[in-house]
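Read the single chain below, which is given as structure tokens and is the form predicted alone.
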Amino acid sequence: MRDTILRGGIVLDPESGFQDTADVLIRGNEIEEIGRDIRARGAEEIEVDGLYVLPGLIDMHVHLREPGQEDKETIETGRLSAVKGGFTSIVCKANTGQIIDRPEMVDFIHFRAEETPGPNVFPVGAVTKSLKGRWLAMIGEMARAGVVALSDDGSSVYDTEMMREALLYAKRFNLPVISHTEDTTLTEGGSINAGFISFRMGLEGIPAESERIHITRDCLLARDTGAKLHIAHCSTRKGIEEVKKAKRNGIDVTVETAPHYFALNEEAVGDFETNAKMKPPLRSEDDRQAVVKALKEGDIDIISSDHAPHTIPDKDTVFELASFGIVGLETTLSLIITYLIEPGTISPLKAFSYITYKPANRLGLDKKGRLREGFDADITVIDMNREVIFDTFVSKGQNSPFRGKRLNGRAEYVFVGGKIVLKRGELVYG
């Protein structure tokens, strides 16, 4: 494979705090050198003057749907969508049509991901068999097959003793448990955030307490077991406060949010807009501001897309019957730039830390998430000033409240293991 030099870009390594104009030499599947005026005989040179050169972006919350729901997304279309959005690694959840709750399913994900070039795919194994919450899944076997975490995401592990056993078992294999924090006794039948807007629209509401109760419970269980806990898609001020309290008490817990929780509030459901229906729901403006503040102050650790593609019929129906979730792989980067970096709320170094080394650290991806010599040549090159309008998506899912919106910033080049998969914003495979 020919050497490549990225010439004259603004090189950022969020973990070390490095930010300077420099060249990057890619040799094979590794970063060979970072510096000024790099020379390498026969290397291909790509001028990236004025562009930001980052560690490859990592999304640790993606629903790929395959196997079993290929009408919504396949592993291949999801990977193409990820590349278009600038991601070099994605973490796929277990709630596919056929649940990832045994090692054969983990092997299947790996096999499908290795068929073509594209982003790395790291599977998450289910906590319980068939996500039913009754018996533990084959955790040890899935750990040996290569899962990077455990989660019943899409539903909570409601039984407290089952969650405690899962944390203890996950600890034996040094795996984090990713918790979908929802008290279903409070959310059953709910469609949007509980409050004035749900009352005005005549829809059953989902209260913020449903998130807070399970965050509190799971943090206490993590304290008692000493296991690693990760809170998925945190959407409320109360939830953030519970995680902050747990961290102060020395509990090994991290928390993520999704771009829609800092970019939108509950008013986006508008005239029964099903593309703004997700779980947790879009919350109050006070909650949205709390998420932004937590990102600014570092109380939230990670930003993930919670990419959840659906078919048109899934969404083109009455609001109460419409599926929860939106696509996000292709919009996440632009939303971070537009809503966090451009207003000056968060520096590029801090903002990009949430989608590079921080998820890599939590998942134990040692050679990823950093732009340093000797690390994997997973690299994303970004034009922060490029205006984008998302009229359509590479993903099979087109369900997004950001369709037709004018945003800023996109990925121009993406390298995975030293191979170029996005060039001048266009896919070069698939």
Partner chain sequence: MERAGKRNKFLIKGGRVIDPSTGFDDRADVLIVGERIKKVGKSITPEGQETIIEAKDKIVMPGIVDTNVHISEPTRYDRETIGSVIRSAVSGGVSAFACKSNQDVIIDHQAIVAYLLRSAIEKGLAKLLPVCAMTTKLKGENIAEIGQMSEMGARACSDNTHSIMDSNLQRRILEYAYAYGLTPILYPEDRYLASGGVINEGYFSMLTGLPAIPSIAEEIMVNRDLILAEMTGVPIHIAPITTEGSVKLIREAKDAGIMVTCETCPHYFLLTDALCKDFNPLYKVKPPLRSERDKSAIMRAVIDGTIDVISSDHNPLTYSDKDTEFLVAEFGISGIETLFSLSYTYLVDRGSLSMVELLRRLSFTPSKILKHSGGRIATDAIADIAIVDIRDEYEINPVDFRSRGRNTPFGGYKVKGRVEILFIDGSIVYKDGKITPKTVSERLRE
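Numbering follows the first chain given and starts at 1. Please read all numbers here as calculations on a predicted model, not as lab measurements.
Omitted here: the form predicted together with its partner chain. The next part is about that form.
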> Between the options Glu104, Asp316, Glu320, Asp224, which residue brings a heavy atom to within 4.5 Å of its partner chain in the predicted bound form?
Replying inline: Asp224
> Considering its partner chain in the predicted bound form, which of Ala268, Leu349, Leu220, Met201 comes within 4.5 Å of it through any heavy atom?
Replying inline: Leu220
> in the predicted bound form, which of 276 to 284, 211 to 219, 293 to 301, 120 to 128 comes within 4.5 Å of its partner chain (heavy atoms)?
Replying inline: 211 to 219
> At the 4.5 Å heavy atom threshold, is Gly154 in contact with its partner chain in the predicted bound form?
Replying inline: no
> Even though its partner chain is not shown here, does Arg237 get within 4.5 Å of it in the predicted bound form, heavy atoms only?
Replying inline: no
> Heavy atoms within 4.5 Å of its partner chain in the predicted bound form: does Gln98 have any?
Replying inline: no
> Is there a heavy atom of Thr345 lying 4.5 Å or less from a heavy atom of its partner chain in the predicted bound form?
Replying inline: no
> Using a 4.5 Å cut-off on heavy atoms, which residues of 181 to 215 contact its partner chain in the predicted bound form?
Replying inline: Asp183, Thr185, Leu186, Pro207, Glu209, Arg212, Ile213
